[in-house]
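Heads up, the chain below is alone and in the form predicted on its own; it's given as structure tokens.
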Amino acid sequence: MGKKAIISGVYDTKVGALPESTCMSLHTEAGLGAVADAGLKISDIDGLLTAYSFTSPQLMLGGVFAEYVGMQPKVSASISMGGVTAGLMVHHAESLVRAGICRHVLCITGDNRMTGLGERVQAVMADVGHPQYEQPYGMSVPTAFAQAAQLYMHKFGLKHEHMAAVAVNQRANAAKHPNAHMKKPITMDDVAHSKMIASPLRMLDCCLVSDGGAAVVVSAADTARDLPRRGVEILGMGEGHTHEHIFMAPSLEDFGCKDSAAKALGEAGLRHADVDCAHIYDCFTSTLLICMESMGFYERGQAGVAALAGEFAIGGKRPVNTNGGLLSYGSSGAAGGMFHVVEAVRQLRGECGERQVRDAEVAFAHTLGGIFSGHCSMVLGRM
């Protein structure tokens, strides 16, 4: 297996409307923040992985950042795979460390998508559909995800109140995070009466559009003794990629997350019941529930029931998205998934204050790209 890897440093910026921010300012704050959190200097970083930006679409975003902060890494690459990107960055960084190619790999995400794109974000996201077989018929990201939600309602009993329970719980969690985009409490009625976007998905079932950035440093395991903070071990990782466009999906109930979760848990030698907190990509309330069942955390039709019963709450049976997730903490391109990773690490360090999960030793984080297209799961453990 080679050398093991740890996450040695994390950082996330304030999230929401940040009109003074740019793609590069968010990258710089997040990147240098994660390096400092690991007790390192920028000269200690020998690997650099970046994602992509809609507001500053550079061909070589990693090269631009390295030049900006004055670093010359041995390895540099940018990954563009939608919402799954953050997980893939950590997986690639782990591989570089395990292979002995790098000692410290900085993974940075960030974009000023809210104030930098404004109304143009809808036009940019419309390009997700297939140009011949989806876009001409008015396909959008919400309508594509709504297809799976409709099937789940018909086949497995998913209900509107199940999805609303997810939104309400995560808004309550976000209220406990100082950096969250949305903190105003919402009720089940608020969700039920919010604007219809793509049936059955209403506005409060949909993730935010935010400015913000997040970064992590993945390091060789033998550096843990020198860390200023508790290291977090990467126990297992897995990927699953089944399609790009929803009309080509082999299933609307089982997705690549089934394989990615099985691989991550298998590599870690753990079961679903061993996970103390889950941080799962939640671009829509229904997506979270569908993925949790596809990954095996719940039987078919039971994740929504669990959400309604309060199991996802911070003090519940299975705490989910303790920072508020993409639905309430914020979503800024690839940073949306990286927020999940940062929160998982902070939970294992015991740094989450009033949103802290008691005695958290194992965390599960998951990122998703496209329309249920690409998935990356990771199991993290407290050292």
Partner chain sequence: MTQAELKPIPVPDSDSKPYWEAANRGVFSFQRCRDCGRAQFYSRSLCSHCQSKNLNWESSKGTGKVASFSVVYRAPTAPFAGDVPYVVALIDMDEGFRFMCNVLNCDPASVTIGMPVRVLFEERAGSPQKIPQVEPLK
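Residue numbers count along the first chain shown, from 1. All figures in this text were calculated on a predicted structure; none of them were measured in a lab.
There is another form of the same protein, the form predicted together with its partner chain; it is not shown, and what comes next is about it.
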inquiry  = its partner chain is absent from this chain, but in the predicted complex, do 271, 298 and 309 each have a non-hydrogen atom within 4.5 Å of it?
reply    = no
ask   = Would residue 139 sit within 4.5 Å of its partner chain in the predicted complex, counting heavy atoms only?
value = yes
message = How about residue 134 - does it come within 4.5 Å of its partner chain in the predicted complex, if we only consider non-hydrogen atoms?
response = yes
task = Answer with yes or no whether residue 143 is in contact with its partner chain in the predicted complex, where contact means some heavy atom within 4.5 Å.
result = yes
query = Do residue 195 and its partner chain share at least one heavy atom pair within 4.5 Å in the predicted complex?
reply = yes
message = For the interface check, one of 182 to 190, 262 to 270, 196 to 204, 287 to 295 should have non-hydrogen atoms within 4.5 Å of its partner chain in the predicted complex; which one?
response = 196 to 204
task = Name the residue from 115, 242, 80, 150 that puts a heavy atom within 4.5 Å of its partner chain in the predicted complex.
result = 150
query = Which residue among 246, 277, 208, 165 has a heavy atom within 4.5 angstroms of its partner chain in the predicted complex?
reply = 246
